[in-house]
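Coming up are structure 1 and structure 2: the same protein chain in two forms, each one given alone as structure tokens.
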Structure 1
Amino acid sequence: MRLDSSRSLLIRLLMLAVLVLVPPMGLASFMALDRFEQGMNPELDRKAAAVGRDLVVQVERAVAYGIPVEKLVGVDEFFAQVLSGNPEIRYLGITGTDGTILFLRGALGGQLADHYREQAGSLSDKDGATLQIGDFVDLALPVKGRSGLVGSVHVGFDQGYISSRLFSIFYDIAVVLGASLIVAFEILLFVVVFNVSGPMKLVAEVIGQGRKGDFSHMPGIRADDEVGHFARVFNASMRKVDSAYRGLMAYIDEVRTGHFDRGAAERAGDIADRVKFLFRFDASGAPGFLREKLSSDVRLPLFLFVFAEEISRSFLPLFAQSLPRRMTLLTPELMIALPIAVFMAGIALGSLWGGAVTERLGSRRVFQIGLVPAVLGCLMSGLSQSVIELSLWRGITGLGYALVTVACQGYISKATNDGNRATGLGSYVGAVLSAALCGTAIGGVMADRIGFAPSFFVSAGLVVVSGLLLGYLLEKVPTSPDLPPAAEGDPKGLSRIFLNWRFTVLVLFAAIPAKIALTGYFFFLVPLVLWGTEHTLPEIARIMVLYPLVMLVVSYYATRFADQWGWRVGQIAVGGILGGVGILLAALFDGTWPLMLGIVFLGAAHGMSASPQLALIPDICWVECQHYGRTQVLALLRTLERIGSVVGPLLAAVFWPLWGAEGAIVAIGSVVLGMAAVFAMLAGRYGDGPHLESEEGAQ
């Protein structure tokens, strides 16, 4: 969004926030991590000793029953349970009196055999011994039977475990700090625009009207700060001008009615007509208040709401995977994909009638209505005991999400004009992407620290906060005077929009494949593939953050390019092809980096095409926007593109059992690239300006 003359002020405030937040948090984190490392090493030694002693007791109990150490049964399974519950322990083993490895779990015998043979016989008179073996610290404890030493129990832990954990904690702190800075930026942006930039822009507009002779309005600013004081002084001057005008008109009327000289009365009348021709004042007797709607009015509440919803983004498939699957008709992959698909279906259902409701009730009321299913869905998602329950509540959450986002889009659409439409919608996209960046990153750390269910409860709390903030900021938006109210009771009327081939092609070959890529590849496949390669939840979240980060940067420039050059169709075509190519590149090589490359390509693709898609609608659907309202047409587009959101994870879940994870990625990428290529071939026929065929037909 444009910050006008307040841009430099915002930048200075942001730099101040960085200076205030980063050095203290960095210093405190460094000191805390240093003390953590100093305290953890002895604790790790004690834990290894405790685990070792417990194993010795178990083995000695079996030996006491006359079972030879080498004949023990179920040792590997027992070791596996111990290792799974103690990730800091790398391996467990039992050796004979000569150092021969009898049982070993978690390491290769060739790495340890020579060291154990050299150590054999040195434990007979000891309670234990610690040996450095490569990257391992090995704690050996003697196992004694009736006849003396019968073997040894070995507990090995990685000496770099503390460093790796500290490194992970450092990354988590960096993620939290980065998210805090983004939140601080959003708050500063709101403060500057709401208290400085917006009011001063309103004053500038009133001054501009005054230059043209229009003194019918004064800025409706009700702040108590310096800007508010300036506005009160300015309004007092406007009232003086209005009072002087009305005094002049009263004097002229007195001259015209009371003067006996007809010539003087006519000259007074000419003066009055000339003044009325040059200047315009409010007919009600006093200047009215001018209150301009800005796209930034809904940015902070929208940011908090989407932040809350995005907290579960990095772990939702993993949470579904951990729940009981009580339906046997669907494959495990389809059951895991079900919550995502139902959530998107809920968004589609809400978007279907959200536009008409927003036109009728106003953005503020629809936003507040949408909060009810959103809060309920978040709370009950955390309490779900099966995949079916989770899917149901995610669908209800999606319904609330749709109502809120459609209400915000309707508000922004009415607060902008053709010259700044893409930029205004870019403000919406920017808030969504900033929230996705923070929510995804914080969600992974939060789920790792407090668990899946409590993370949903935090989401519910943030949704409530966003509703309270919006209730304070947003007023009901009346229907714009240049747009007629949406047609009521004629649901089939809007369906004629499919006769507009430009709209149909945009939906089928641009909007839907973009959502297939988003939900099928990014929401479903990426978390499961990363989890399968033993990445932790914070690591998955940090990798998934790349998508909103890249999209945020690209979208910032793409919206301005679209407004300045009008190359919206071309940007959508290039973005679609770029997304399909990126997904295919992710499957060419093994490892994490190709997957991250696909995420980066997808973020850049959607950053190029998201805002231009929305901004293109009034151009290609000019008549439909006039008849049914721009909000309803935009809501229809968002509803139809959700078909791709629903199909995406289900399609990936079908491909996975057939061709594996890499094959599913290739299949999704091929579908997206093929549909984007069709749109690119048809994009050259779009032309410029509104949908002329529909316009001519309507006449």
Structure 2
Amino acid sequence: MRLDSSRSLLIRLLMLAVLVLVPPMGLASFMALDRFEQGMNPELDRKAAAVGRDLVVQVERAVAYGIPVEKLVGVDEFFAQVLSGNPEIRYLGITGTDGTILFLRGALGGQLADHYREQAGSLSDKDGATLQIGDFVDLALPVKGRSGLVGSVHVGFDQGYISSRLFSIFYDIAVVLGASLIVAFEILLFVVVFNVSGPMKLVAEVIGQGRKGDFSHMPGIRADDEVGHFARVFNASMRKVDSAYRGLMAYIDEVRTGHFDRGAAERAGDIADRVKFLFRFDASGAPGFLREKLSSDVRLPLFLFVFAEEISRSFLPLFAQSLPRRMTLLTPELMIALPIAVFMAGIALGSLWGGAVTERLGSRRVFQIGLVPAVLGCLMSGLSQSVIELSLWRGITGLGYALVTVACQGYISKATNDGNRATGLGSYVGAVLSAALCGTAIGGVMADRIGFAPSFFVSAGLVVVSGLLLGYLLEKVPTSPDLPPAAEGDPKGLSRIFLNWRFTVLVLFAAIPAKIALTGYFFFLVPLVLWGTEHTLPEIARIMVLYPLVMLVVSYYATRFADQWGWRVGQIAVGGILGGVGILLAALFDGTWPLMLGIVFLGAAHGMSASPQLALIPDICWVECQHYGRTQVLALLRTLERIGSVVGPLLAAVFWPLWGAEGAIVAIGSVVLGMAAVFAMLAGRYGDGPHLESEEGAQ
């Protein structure tokens, strides 16, 4: 049932969001810039005066030694030095008493000569004069010798300088605006799905039943908006039909029980049967309410949660670096890597435990349980006074993160059926990636402004908000006890799966190196190296945002490609090699560009290979999936690849002191590329050997 194609509604609303957000931000920025420029002008005047006075003192000293003003030597170099030390000064000059330009650096004489000649007469003995020449503001200060005025020193600054300095604000504004648009998209998506498309889907289902004559259910919608109003009218109609039916049935019952004429009673019974044959009504006396779980219910809270967790992405290693390291057992680099590694270990543990616990307690409980360590971890991470403390709390945060994400995944897979599970999980991945995008970008801008620790508190606050939101949403849906796990097979003896060389190769040479690249290179080395090369936090964040951005785009097309062509193994192999090559670019070129390219390559690599990795499992582990259950096999893969997550930063931290930052990048890149190459070689043989089906017999 579509009211209006809800996709086009969403697009209309998105256009509205852009329309409502972008022009006022542009207008306000423009006004602010103008005001800021005006505010800085007086201070520029003073700076010019201070510089001018010092120049006058030096020129007067030379003049006093008997050097004629026009014969001063090395003025150009002298001015150049002052100009390079004071970038807001645009040019410096010396003119004679008649206003002729004797020396000038930083501007073209032609622009100024006429103005100086005009000014020359009036300057004589005053303390100085300011002149507006085009975009320049020119301050002239008299130079006096023994016999009075001998010339003047000119200090000029460019009003455009301020604009150019303030322009970098626009990057921050653009980041905030971009993130706002994504948040707006998420919220609007939520508003539309929750208020319009979700309820209308229920209505559509009821209508679908009704048009076949089944009036046993009504859409269970409680809302006081137009949809709610419609639902009430709709339900009233339903009740009307239903009550007519009840009335008839009651009447018939009365006739059948009360009537002395058996024949009439029988005929009444026939009528009842005919009605019941033509139409279906609820047996219990009133139409039941139809309610349904929607996979999109958890999207917004999940988005907020991941957003909160990603805030520290760009600065976690820097925060660790800034904390005192009491324990000297490990190298400083390993200490910096520790919080990331422990966080990853926390996630690994949490996922193992969460998977089992979700089946028993249901998504909502696990989500609530997971919130406690998540909030506590964020809060205490901000309060940490040492790296060990920070690592501990990151580990606990990781535990919470895993529980929450596992709960969300569980909810989605319960709310979907085989037909739309892919869409549901796609929505999950979309929410996680766009949250990573926003969180990383905003986190950098925020940490630069309010500091590392307070940023963690903001994270904690956002986690609480997402928890409240989800608590509210899940309450609206009856918590039908999650079904006991479908007898998916016996996980005992799962370790025998390693005998399947295809699985082992996939884990060792594709899944694990991908994670090593992610955590060792991207999470650990990239922020540290960028910080070490004098990049600001917002800049680091802007660079790191490239990863989720590229991944978002590439994974969208890669999934389609994989479904269409079924070239999954190839995608994994190419992705792995691409990632390794990207990281190694840092060794070939200097500067920030190779790092950025590396991040883009990595995003592309992971976007290309992540979902084919999972999709490949049923193909290469057909037997095991039958035997132990596909979920179990997938969970095993996810757990094993997290070994790479934990090892990544530690490995990078071991390389760092040996070969320096660049060496560590090259080393990590080589490891990743080497393992990917092994996978590529072995993957070529995936199709060889005993045919997949026939392996069943071999077992």
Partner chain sequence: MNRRGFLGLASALALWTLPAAADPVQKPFRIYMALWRGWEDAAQGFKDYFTNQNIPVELIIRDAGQDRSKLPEFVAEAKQLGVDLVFTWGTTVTVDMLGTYDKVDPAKHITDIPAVFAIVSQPDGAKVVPDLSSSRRNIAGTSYLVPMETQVNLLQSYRPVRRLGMVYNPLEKNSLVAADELRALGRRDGFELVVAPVDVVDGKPVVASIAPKVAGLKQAGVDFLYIPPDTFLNVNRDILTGAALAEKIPSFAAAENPVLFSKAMFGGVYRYYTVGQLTAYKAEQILVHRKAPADLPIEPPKRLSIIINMPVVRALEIYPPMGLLGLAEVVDTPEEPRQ
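Throughout, residue numbering runs from 1 along the sequence of structure 1. C-alpha atoms forming the largest set that superposes within 1.5 Å between two forms make up the rigid core. This one's a predicted model, so the numbers in the text were calculated from it and none came from an experiment.
The form predicted alone appears here as structure 1. Core-superposed comparison between structure 1 and structure 2: the CA of S386 stays below a 2 Å shift. With a cut-off of 2 Å and the rigid core superposed, E534 has a Cα displacement that falls short of the cut-off between structure 1 and structure 2. Core-aligned CA deviation for D448 between structure 1 and structure 2: less than 2 Å.
Comparison between structure 1 and structure 2 places the CA of L614 3.7 angstrom away from its other position, after core fitting.
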